[in-house]
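Here's a solo chain for you in structure tokens, the form predicted on its own.
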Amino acid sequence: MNAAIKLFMVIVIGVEISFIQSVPLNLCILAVSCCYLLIKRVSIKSLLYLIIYPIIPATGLLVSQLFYGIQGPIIGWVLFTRLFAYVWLGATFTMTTNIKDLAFTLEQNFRLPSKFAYGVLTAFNLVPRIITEVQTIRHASLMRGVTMQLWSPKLYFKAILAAINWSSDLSQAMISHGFVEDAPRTHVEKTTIRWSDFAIFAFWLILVQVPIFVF
């Protein structure tokens, strides 16, 4: 499925469940998302994280509604299941979609400016290098007898300075490879939107309406 169409589908479904107070609908979305991730062979470890991370805020919403809510416990269960539905619905996109495919389709099919598309792609590709840079700064500080915690402003100030240097290098690299801003471009990898993408989009959007009328 086209990456941009998939993203739009996830956003539309997410907005819809925000206005519908239905526990069965949230559970159906959660179950379908789980099956989809299993079909895509997402690791069990990642699926466990999708259960563990939201459990604390979801439980907080449930408990606050049970003890202090004025609309009864049903709203607490709606918010509890809705949070998990959000997380798992978002995972169907983030864990199964390549950011490069999204950037390319937004540029080629939705007229997103090339400088923005490649800028976003560069930022995502720099994430592992930023993590490594932060670790290097912390280790260098330990060698000088200074401990930098993850919340230390100096740590991130130094990381920002390193990122500024990288931005200059990246700009020169793009120019040396023939990137000209606002100039027409050719593409080695061309992305297209097929009729099947719209068919899948319509199918899932209609399927979401079933639990609303059934339950």
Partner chain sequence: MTTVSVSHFTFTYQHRDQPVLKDVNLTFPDGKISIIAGPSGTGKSTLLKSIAGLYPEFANGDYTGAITIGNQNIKQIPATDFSGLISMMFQNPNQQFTMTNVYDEIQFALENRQLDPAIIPERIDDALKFVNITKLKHRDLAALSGGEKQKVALAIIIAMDSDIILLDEPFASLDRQSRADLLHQLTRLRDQKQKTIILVDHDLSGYEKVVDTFFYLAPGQYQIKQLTPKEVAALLVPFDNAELKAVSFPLPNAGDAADLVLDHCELKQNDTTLLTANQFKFLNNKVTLITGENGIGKSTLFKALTRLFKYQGVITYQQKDIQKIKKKKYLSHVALVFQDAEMQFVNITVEEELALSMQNAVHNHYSKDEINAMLKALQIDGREKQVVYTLSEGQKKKLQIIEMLIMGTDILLMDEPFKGLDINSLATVVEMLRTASQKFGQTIIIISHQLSGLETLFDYHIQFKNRQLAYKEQLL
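Positions refer to the first chain, counted from 1. Bear in mind that the values here come from a model prediction, so they are computed numbers and not experimental data.
Below: the form predicted in complex with its partner chain, not depicted.
Within this chain, R144 lines the site of its partner chain in the predicted complex, having a heavy atom no more than 4.5 Å away. Heavy atoms of T122 reach within 4.5 Å of its partner chain in the predicted complex, making it an interface residue. Its partner chain is not drawn, but in the predicted complex it has a heavy atom within 4.5 Å of A173. Interface membership of Y118, defined by any non-hydrogen atom within 4.5 Å of its partner chain in the predicted complex, is confirmed.
Every member of the trio T136, K158 and L161 reaches its partner chain in the predicted complex with some non-hydrogen atom inside 4.5 Å.
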